[in-house]
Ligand code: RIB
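Form predicted alone, single chain, as structure tokens, below.
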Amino acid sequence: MQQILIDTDPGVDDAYAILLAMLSHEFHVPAITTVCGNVPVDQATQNLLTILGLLDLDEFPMIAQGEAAPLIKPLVTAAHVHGDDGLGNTSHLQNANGSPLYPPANTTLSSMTGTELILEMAAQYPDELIIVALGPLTNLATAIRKDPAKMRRLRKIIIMGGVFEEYGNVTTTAEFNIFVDPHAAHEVFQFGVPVHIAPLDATHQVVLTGERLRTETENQEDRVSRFLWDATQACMEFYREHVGFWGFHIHDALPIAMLTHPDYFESVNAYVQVETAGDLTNGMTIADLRPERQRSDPNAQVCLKVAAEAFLNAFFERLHAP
């Protein structure tokens, strides 16, 4: 049983990832922390409660709210992609009696901060805990600054972030999660704990079309399927207008599947650096991925290939499993 802590800024693709993790028998998820990114951190926490409220859980993970701002830069959010509430405006949907269609989970927040909960879990599961970071890395960098000894006992960190051989999705050179807090990303990559990265180079290979999502959800009566259809509409319309297809890249689900279905992914060792100062390249992740140019001191494994159809099939099998 893999012990994972999810650090997240939900986010529609975060919702896909969290649901996949909670429905996967390979994991125990003792804690989830929220961070500013796709939405401000207060909204991120509310979104996490909404996502967990879809599930019939006997016991909820511990939940703590993390950092409200990047280490240095002003916060940049992505409401234009994910909807005003970050979950495709599903917070506005109501039942006939006026109650929320997707109510929050009946659980309470920890009195600890996100940073404190990360350190608590690192101490509770030394050499076991895997952190799956689905948003900016502010919480992780803050935890490293506060107690590096505890953080060195992490088993590994798996990150959705960065881009190497494609264009970025915020600027020409930068992916959103790294762009929001490049200084935090720099500190995490340089820290020395094993880091595995699912960059846009890999996540863009997985195209969830609107037609596929409709097929997978329209005849299902469960709340999760209905929610995914409702939550993803705003994103798919954004993609139709700005990316050129009606669908969505479910970026954040890939790090979860890297743990449940590692055979679907091909990675290379690399020494990854982050640009923190450039006017045109701020947030750029830089690594020489050519096999003949590999350094002897890699600080990360970068995923470059994914079996996209197998991944999507596995995702929906988990979603529909009894």
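In this text, residue numbers run from 1 along the sequence as written. Since the structure is predicted, the reported quantities are computational estimates derived from the model, not experimental observations.
Same protein, other form: the form predicted in complex with the ligand, not shown, and the subject of what follows.
J.: Should Asn139 be classed as touching the ligand in the predicted bound form when contacts are defined as heavy atoms within 4.5 Å?
T.: No, Asn139 sits far enough from the ligand in the predicted bound form that none of its heavy atoms falls within 4.5 Å.
J.: Taking heavy atoms only, is Ala143 within 4.5 angstroms of the ligand in the predicted bound form?
T.: The answer is no: Ala143 has no heavy atom within 4.5 Å of the ligand.
J.: Looking in the predicted bound form, any heavy atom of Val132 within 4.5 Å of the ligand?
T.: Although the ligand is absent here, Val132 would stay clear of it in the predicted bound form, with no heavy atoms inside 4.5 Å.
J.: Although the ligand is absent from this view, report whether Phe176 comes within 4.5 Å of it in the predicted bound form, heavy atoms only.
T.: Yes - in the predicted bound form, heavy atoms of Phe176 and the ligand come within 4.5 Å of each other.
J.: Quick one: which of 251-259, 23-31, 48-56, 289-297 gets within 4.5 Å of the ligand in the predicted bound form, going by heavy atoms?
T.: One stretch meets the cut-off, namely 251-259.
J.: Heavy atoms within 4.5 Å of the ligand in the predicted bound form is the criterion; list the residues of 145-161 that meet it.
T.: The stretch touches the partner through Met160 alone.
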